[in-house]
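Presented as C-alpha cells, the chain that follows is alone, the form predicted alone.
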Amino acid sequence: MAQYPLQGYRVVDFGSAWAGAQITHMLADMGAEVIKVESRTRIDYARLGGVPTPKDLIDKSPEAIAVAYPEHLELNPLFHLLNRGKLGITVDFTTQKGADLLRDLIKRSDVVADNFTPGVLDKYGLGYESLVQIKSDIIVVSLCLAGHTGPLKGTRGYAPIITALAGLDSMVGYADESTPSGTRFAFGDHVAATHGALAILIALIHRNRTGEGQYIDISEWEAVTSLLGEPLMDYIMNSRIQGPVGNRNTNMAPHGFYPCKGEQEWVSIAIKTDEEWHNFCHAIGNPKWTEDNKFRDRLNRTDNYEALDKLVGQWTANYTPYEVTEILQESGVAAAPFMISKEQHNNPHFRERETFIEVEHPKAGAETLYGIPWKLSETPGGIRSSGPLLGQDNEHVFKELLGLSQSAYDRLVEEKVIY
C-alpha cells in the first residue's frame, strides 16, 4: 500500500496565517499536492514575523518588503512549519487574468481551501458558486472566525477573539482572579484546522462514491465551542454558569500541578477513583494524614481541596518530577512531569516516535518541525519538504501543469499577474 494515502489529489490553498495553512499541511503530510497561492501584494503574513526585522522595514507594505528584502520572507520557521510539503505560486487574483489562471488550475484540482473573511473570493469569481460552474465536483472548504452565515459572519479577529467568543476563555484562570486569563497560543486555529481537514476527507469520500462535490463552511468559534459541552449543559439544565477553577476538577482530587525539588519544577497528578487514592496513599508510605476522614472518599477530598493540595505538595517537594512520576506510575496513579520545550525536544520517548523532524530549508538551513502525531501502520505519510519559497513553483505550475508557453508566461510576469 502507498506510503502517501492522498497521493493524486490536488489542493489549491488560499490559506494564510495559522488555521488555513494547518488544514492543508495536514493533507500535504499525507501526500496531497498542495499548491499555496500568494502574491507580492498579498503575502502570507506568517512570513513576516519570527526573525529580526530590519528597522527600515517597519510599517512597510508586504510588497515593499518583497522587493527590498526578499530574503527576509524566507526565514520564519513558523511559516515553514505550517506550509511544509507545499508548492508555492504567486498570482495576483485581483486582476482578471490572475483569477482566470487560478480558475484554470482549479479545473484540474480536487479541493480549494481558504480562510478569508466571507465574500473575498466571491468578488473575483473564485467563490464556490462560481467554481462549481466550471468543475461540478469541486470541494471548497472556507474557514473564518464566525462562519459564512448569521449576524456575526463578518466578524474579524485573531486567535484571542476566537476563544473569547467560543466561551473557552471564561473557563481559564483562577476563581480569585478578576481579569480573564485566556489562552496564549492559537488554540482556536488548531481546533478549527483539525475539523477542516476531517471535513475535507469526508467530502472526498462522498465525492468518490457519488461524484458530488460540496461546500464546507467552518466557524472557528463554533469548532472551539463544541469542546465545551459540560459547561453549556450545566447552564441549559441547571442555570449554573461555570467559571475558572484553576487546576481543580469537580470529579478528581488531588488534581493539578504540585511543586518538586528544584526551581520551578512541577509534577501533574490526577486521581479520580477511591482505588487510585488508596494506591497513591500506599505509594507515598501511608502517612498519618491520609487516614483523615476529610480525605476518605472522592466527595470529601474535593470538598477539602485546599488542605489536600498543601499536603500532597509537601510530599512532592522532596522529589524531582521524574521521581514522583516513577513512584506513582508504578502504583497505577496518573502522574507526569510538567515539561517545558527543552525537555520535550530531548526526551527519548519523543525522539523514538519522531515527534520532531529535521528538515532542510534552502534559505534557513536545517530546521526542526513537529512530526505527524498519528501513526498509520500502512500509510504513514511524511514531511517531504519545508515551506516553499515565495513563487518557487511558478514555472512548474503555469508552464507544465497549465501548459503556458514561455512567451505567455513571460508576458504575465511582466504584467505582474504572476507576481
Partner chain sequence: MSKKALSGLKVVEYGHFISAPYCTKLMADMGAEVIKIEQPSTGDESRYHGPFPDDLPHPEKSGLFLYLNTNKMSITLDVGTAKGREILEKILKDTDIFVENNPPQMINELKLDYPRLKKLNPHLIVTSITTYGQTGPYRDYKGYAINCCAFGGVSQSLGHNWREPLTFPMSMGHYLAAINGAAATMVAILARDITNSGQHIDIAEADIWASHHVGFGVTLYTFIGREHLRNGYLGGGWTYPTGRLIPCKDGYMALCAPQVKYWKQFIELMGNPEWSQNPRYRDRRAMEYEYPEEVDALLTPWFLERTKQEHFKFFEEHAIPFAPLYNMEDEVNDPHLTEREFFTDIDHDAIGRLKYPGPPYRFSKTQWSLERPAPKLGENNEEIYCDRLGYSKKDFVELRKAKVI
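Numbering follows the first chain given and starts at 1. All values reported here derive from a predicted model rather than from experimental measurement.
The same protein has a further form, the form predicted in complex with its partner chain, not shown here; the description that follows concerns it.
With respect to its partner chain in the model of the complex, the three residues Y69, R108 and L131 uniformly fall beyond 4.5 angstroms at the level of their nearest heavy atom.
The stretch from 286-294, 119-127, 91-99, 321-329 that comes within 4.5 Å of its partner chain in the model of the complex, counting heavy atoms only, is 321-329. Under a 4.5 angstroms non-hydrogen atom cutoff, its partner chain in the model of the complex lacks N300 among its neighbouring residues.
Interface membership of S16, defined by any non-hydrogen atom within 4.5 Å of its partner chain in the model of the complex, is ruled out.
Its partner chain in the model of the complex comes within 4.5 Å of a heavy atom belonging to W266. None of the heavy atoms of K310 is located within 4.5 Å of its partner chain in the model of the complex.
In the model of the complex, H255, G256, F257, Q264, W266, S268, I269, A270, K272 are the residues of 255-273 with at least one heavy atom within 4.5 Å of its partner chain, listed from first to last.
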